[in-house]
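Given next, in structure tokens, is a single chain: the form predicted on its own.
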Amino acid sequence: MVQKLDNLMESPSQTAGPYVHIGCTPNFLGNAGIYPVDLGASAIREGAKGEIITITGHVRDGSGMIMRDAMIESWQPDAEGLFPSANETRGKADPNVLGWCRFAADFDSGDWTLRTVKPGPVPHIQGMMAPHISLWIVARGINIGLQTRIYFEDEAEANARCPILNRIEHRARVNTLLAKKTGDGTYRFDIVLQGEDETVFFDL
């Protein structure tokens, strides 16, 4: 007999709260000894194939304040556009590209840093998605984690063909998803939660 579940209510959403770093990034916080290293501390291992890049940015709220308590998780394919998944049918992904990473903003500057490989394009039912990294963002005042993506300004041709970027009606806002190249292998990507230059967020 199937149990009726119509009396169960969805739990209310909550902000990440003051303990998110204690539970998720204790070594980053300075609480050494809980885990040898924080889970998801690096997106890649030694020997990862492709261009190694470093992306730096911050999370800014609607009043322009930098959120120094932000925590971010990333998910991406390897340099060939392959994910470390048993369901990947196009080949075997680079075992040294872990795909997932968790990192936090520096408590003093508010900047976060992601060191990884530049991802390759990924197939979509409507064509090839441009190289991108998916992000999930939590911090004080954010009741439900926000989803966005990092694309790259130096992938202009791939961006122009990307079926996801082409679905953004307000074309001027596409720029909020583009990491700006600042040097060889370095990019800047700032996330704006509200107001002018608000980052495009995805309903996933």
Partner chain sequence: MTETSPTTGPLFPRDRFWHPPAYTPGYKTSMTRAPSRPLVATSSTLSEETGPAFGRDMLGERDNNLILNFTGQPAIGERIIVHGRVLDQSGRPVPNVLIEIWQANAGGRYRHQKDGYLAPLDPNFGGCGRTISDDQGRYEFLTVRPGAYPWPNGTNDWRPMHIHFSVFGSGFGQRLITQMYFEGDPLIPRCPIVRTIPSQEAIDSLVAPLDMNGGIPMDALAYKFDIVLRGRRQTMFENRLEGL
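Numbering follows the first chain given and starts at 1. For clarity, every value in this text was computed on a predicted model and none was experimentally measured. Take the two forms, superpose them, and find the largest set of C-alpha atoms that agree within 1.5 Å; that set is the rigid core.
In what follows, reference is made to the form predicted together with the partner chain, a form of this protein that is not presented.
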Item checked: Contact test in the predicted bound form: residue 92 vs the partner chain, heavy atoms, 4.5 Å -> no
Next item on the list: Examine residue 62 and determine whether its closest non-hydrogen atom to the partner chain in the predicted bound form is within 4.5 angstroms.
Entry: yes
Check: Is there a heavy atom of residue 194 lying 4.5 Å or less from a heavy atom of the partner chain in the predicted bound form?
Finding: yes
Notebook entry, point to check: Is there a non-hydrogen atom of residue 170 within 4.5 angstroms of a non-hydrogen atom of the partner chain in the predicted bound form?
Noted result: yes
Note to self: the partner chain is absent from this chain, but in the predicted bound form, do 47, 51 and 182 each have a non-hydrogen atom within 4.5 Å of it?
What the structure shows: no
Item checked: Residues within stretch 185 to 204 having a non-hydrogen atom within 4.5 Å of the partner chain in the predicted bound form -> 193, 194, 195, 196, 198, 200, 201, 202, 203, 204
Notebook entry, point to check: Has the Cα of residue 14 moved 2 Å or more between this form and the one not shown, judged after a core fit?
Noted result: yes
